[in-house]
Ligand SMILES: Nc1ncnc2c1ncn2[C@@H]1O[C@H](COP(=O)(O)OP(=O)(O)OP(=O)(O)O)[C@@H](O)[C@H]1O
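Below you will find one chain, with nothing else, as structure tokens; this is the form predicted alone, and questions on how it binds or moves follow later.
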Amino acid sequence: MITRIEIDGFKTFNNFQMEFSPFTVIAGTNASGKSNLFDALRLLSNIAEFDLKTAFNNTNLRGEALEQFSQYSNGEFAKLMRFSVEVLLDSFISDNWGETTKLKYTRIRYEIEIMRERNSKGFDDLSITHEVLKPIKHQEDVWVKSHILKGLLENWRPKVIGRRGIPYILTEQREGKTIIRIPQDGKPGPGRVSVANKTNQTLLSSINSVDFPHVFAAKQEMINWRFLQLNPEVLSKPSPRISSDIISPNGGNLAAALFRLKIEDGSFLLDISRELNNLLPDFVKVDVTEDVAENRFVIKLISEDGREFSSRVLSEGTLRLLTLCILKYDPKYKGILCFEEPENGIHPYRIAMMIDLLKGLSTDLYDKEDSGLPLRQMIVNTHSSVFVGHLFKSNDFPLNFSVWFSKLVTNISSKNDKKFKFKATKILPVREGRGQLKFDFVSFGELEMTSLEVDRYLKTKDFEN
């Protein structure tokens, strides 16, 4: 679960800071930077798994590698890109070899700085100049005090006896060189070392086992961030028998995931059927069958008058709601789920009910029943004033909920005694379930101005016009 992010030098972000709740909604007009925030999370996820050039050229990012760096009004691109993320981790971590260990610290901060430099052959090289992974000190952890019920605090952030003197990944000077190093995590051994400015892969991405438990846990957290971009054509298709049983970002494998749940425990189908019926009363049962002749699984919905409808004939809105219902009850779904414009394909009448479903896809850190379960976080971005309006009309605000408003502001950047204009993204808090919190990066004047802008946003039927 991500709790805070800081970005500089990436796309429209300049000295940017933001905090997250388990259920976070980011509203704003098109081209205000909402999608750029998701791109930043995608890039961080890529960096945790691949070398830099592969991460920057991955097709899941919008734009070419150079376009990931901030561009100024004079046409130049930034040379440095910096990210910092603070996360809350699950207490236990397992690797691919079946080894499991318990983390001493579940509150971690990761920092990464990437430099772009033209080499002698005319190509741009990317290298790591700074990388740090360290625990967040309990006495400095303001987020935890604001978002976790005091009586449940040790369930999510275990009590620590003693202190850790050095980070899990650190950058230091040694013999005139900048060294990035992973000390052996609580065990004898040299750890791992790389030279800054010459490495094109993070040390975080090099760890594949619980031998370095906190580094491995941070890596797994980041590479498991998922981004839903549900495609109606993909959602409607049956799943081949030889396919993954995990729902893909575009909605692929939906029938295979549902079939797995049916085999594991038949009560999952009852829960999913009940959830969908609350949203769409015409459908009373969700089922998935085997098409033996075609070697595939097919989803079927049964109406109250007994008619059967396969996924091939269901509407986009129905399929999107069904996908969310399945995710809610799928024990394999955990971590962060980023969802762009969830209102697409949904009739305005269903928006309020959909919001209730989205709430259930995140962990309530104030709820004893959620304590000890794998962490879940839902981050939504939307430009729909209807969607945001329903959020504020709700009488059942979860305590771990926040709304933020995205907009572009003009910043001035200085370089070689010259000043350049730069359109930067600001994402400011609007409302917290427990009342307005104080943030170290937001002034009272900005909060007041944001409140006025959001009022205008909500009163306009189509804010784009």
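Owing to the predicted nature of the structure, the values given are computational and were not obtained by experimental measurement. Residue numbers here begin at 1 and follow the sequence given.
Another form exists, predicted together with the named molecule; not displayed. Remarks below refer to it.
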Do residue 70 and the named molecule come within 4.5 Å of each other in the predicted complex, heavy atoms counted?
yes
Residue contact check: residue 296 to the named molecule in the predicted complex, 4.5 Å heavy atom
no
So in the predicted complex, is the named molecule close enough to residue 21 to count as touching (4.5 Å, heavy atoms)?
no
Partner proximity in the predicted complex: residue 31 to the named molecule, non-hydrogen atom cutoff 4.5 Å
yes
Taking the named molecule in the predicted complex as the reference, which of 141, 90, 370, 341 has a non-hydrogen atom within 4.5 Å?
341
Of 7-25, which residues get within 4.5 Å of the named molecule in the predicted complex if you count heavy atoms?
11, 12
